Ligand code: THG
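Next comes just one chain, in structure tokens: the form predicted alone.
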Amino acid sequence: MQIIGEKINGTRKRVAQAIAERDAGFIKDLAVRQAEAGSAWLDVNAGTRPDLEPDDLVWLIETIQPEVDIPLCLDSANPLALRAAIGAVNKTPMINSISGEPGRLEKILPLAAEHGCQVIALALDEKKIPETSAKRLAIISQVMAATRAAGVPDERVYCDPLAMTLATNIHSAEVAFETMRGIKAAFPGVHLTIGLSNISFGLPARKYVNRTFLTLAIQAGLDSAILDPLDREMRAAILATELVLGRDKHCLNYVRASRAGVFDESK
């Protein structure tokens, strides 16, 4: 299970302030702590106006890269910002994201193909987020046809079945799980990822919902997620789930994490 660290996101008030004020120290600290917590990528989202985003995204990259040795996940729907960002990275990045929306496929997919990037593919189109797993799978099938035509190998594609809040649809998690299973059956070479915290938006005590959803999602095939790597109990839940599902040979990851102090064993 690979973690995409979610915290460098300009839609968060404190991060937006740091970007506006060019507070490099704050951004560096977020990057280092997420990397040390085991992130495989750091999601980087400037969240600023389209005219500002290229410069802001490049500033974030240039601030982060000297501090960590992991690749970045460039989170933008702005092709100009993405092209500028790709020119600034040291390691081949992941691109977040493409979808069934024609504009994204036409303008962002070629960038991913040209630069050998991994890419997150969202199960939505220009209309709306489908309510059923069958409709989401149909969109993913269209996107996969496009990625294959562009020469992007299936193993570079991370399909996101979309987690919608349970607060407005109590069956949202079930739909996501069904979509995951359908994607893996149709395209066994792809990866699955998800923006984890969306599932609990608007609910109290969100961390409990997030952890439970993640555990069940791993069983449904999820092998990466955009989440808070600084949540120790979330990391513990991942390790315990992989152990129980027989994915931790000789229990090594679990035991090593325990020795490293990942688990709070005082409770």
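Residue indices: 1-based, along the sequence shown. Note that the structure is predicted; figures quoted are calculated from it, not measured.
Unshown form predicted together with the ligand; subsequent notes refer to it.
Novice: Out of the stretches listed (235-243, 194-202, 49-57, 63-71), which one is close to the ligand in the model of the complex, meaning heavy atoms within 4.5 Å?
Specialist: Result for this chain: 194-202.
Novice: Find out whether any non-hydrogen atom of R206 is located within 4.5 angstroms of the ligand in the model of the complex, and reply yes or no.
Specialist: The answer is yes: R206 has a heavy atom within 4.5 Å of the ligand.
Novice: Hey, in the model of the complex, does A176 get a heavy atom within 4.5 angstroms of the ligand?
Specialist: Result no; A176 lies far from the ligand in the model of the complex.
Novice: Given that the partner is absent here, does N9 sit within 4.5 Å of the ligand in the model of the complex, heavy atoms only?
Specialist: Contact with the ligand, yes.
Novice: Using a 4.5 angstroms cut-off on non-hydrogen atoms, would L30 count as touching the ligand in the model of the complex?
Specialist: No, L30 stays farther than 4.5 Å from the ligand in the model of the complex.
Novice: Counting any non-hydrogen atom inside 4.5 Å, which residue from L109, L122, A81, L137 sits next to the ligand in the model of the complex?
Specialist: Exactly one residue meets the criterion: L122.
Novice: Quick one: of H250, R256, R22, K13, which gets a non-hydrogen atom within 4.5 angstroms of the ligand in the model of the complex?
Specialist: The residue in contact is K13.
Novice: Does anything in 87-118 come within 4.5 Å of the ligand in the model of the complex by heavy atoms, and if so which residues, in order?
Specialist: Contacting residue: only N96.
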